[in-house]
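Just one chain is shown here, as structure tokens, and it is the form predicted on its own.
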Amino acid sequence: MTAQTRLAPVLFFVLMLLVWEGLVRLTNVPAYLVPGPWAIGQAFLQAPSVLLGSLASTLLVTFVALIVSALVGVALAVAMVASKWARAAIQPWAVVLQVTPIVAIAPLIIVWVGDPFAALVVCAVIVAFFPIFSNTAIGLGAAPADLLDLFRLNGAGTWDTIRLLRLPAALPYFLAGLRVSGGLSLVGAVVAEFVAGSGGVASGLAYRILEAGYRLQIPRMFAALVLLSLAGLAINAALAGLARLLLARYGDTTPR
């Protein structure tokens, strides 16, 4: 990637900010309707520690949920490959969790789990685990047939085949699912915080957005939204870098 290509998103972002600020000033739109970038920046500088502390709380839920999602997703995918009975039992329930709106069940989870942090993590895991699970399952099933026959001829058992052949073949698929789940875990954490925030649990950025909305502090609401967007971009970039690093070290084993 050339330097010009890398600078293009930054230049486009700066241009959009200038156009946004110019339109807001030319049309005299009140800040309580559509604040400009300058007003949003001022709102952030008025309470940076509060917003950054809330961001840290949201990111903690996000990262814990992503780790749990990776462990659960890979474990369930391996179980499905290892046993047809496990596949029959797991797959329908995984689909049920995927299509169930988290907004509908988040209040129940918060009541059932009891602990606020654990409840937020559970909600985020429900949203984030499916891409890892489905991608890893596809990758485990995409091992080359000739190599599977070779392992069989050499007397390799199911778990040896999974460990030595299927898991390496599934690595690119897993990393692709992990990248998708990184953003979804942030979304799940925010949605759960919206529900928890309305119940009096003040912690993450979602609560700050609700608080700013109730007080008509729209620039501060936008500042929290900008922080969430930047966090999402950072998570995506970090996971993309991790994928490049692992694939460069262990090789891209995706079947061609």
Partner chain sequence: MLTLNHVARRFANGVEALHDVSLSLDAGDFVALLGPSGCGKSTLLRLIAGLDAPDGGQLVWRDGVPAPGALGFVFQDATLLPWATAAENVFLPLRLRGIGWADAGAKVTAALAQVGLGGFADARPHQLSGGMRMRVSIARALVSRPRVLLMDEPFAALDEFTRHKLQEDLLALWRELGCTIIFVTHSLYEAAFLARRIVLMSPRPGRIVQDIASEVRSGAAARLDPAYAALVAQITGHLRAVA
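Here the structure is a predicted model, which means the values were calculated and not measured. Positions refer to the first chain, counted from 1.
A second form of this protein, the form predicted in complex with the partner chain, is not displayed here; the remarks below concern that form.
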| query | Of the residues Ile109, Leu97, Ala82, Leu165, which one places a heavy atom within 4.5 Å of the partner chain in the predicted complex? | reply | Leu165
| said: Residue-level contact is defined here as any heavy atom of the residue lying within 4.5 Å of the partner chain in the predicted complex; does Ala169 satisfy this criterion? | reply: yes
| Might Leu153 be said to contact the partner chain in the predicted complex, defining contact as any heavy atom within 4.5 Å? | yes
| query | So, in the predicted complex, is Ala248 in contact with the partner chain at a 4.5 angstroms heavy atom limit? | reply | yes
| task | Using a 4.5 Å heavy atom cut-off, state whether Asp115 contacts the partner chain in the predicted complex. | result | no
| said: Tell me which stretch of 84-92, 182-190, 99-107, 155-163 has a heavy atom within 4.5 angstroms of the partner chain in the predicted complex. | reply: 155-163
| request: Sequence order please: the residues of 136-150 with a heavy atom within 4.5 Å of the partner chain in the predicted complex. | output: Asp146, Leu147, Asp149, Leu150
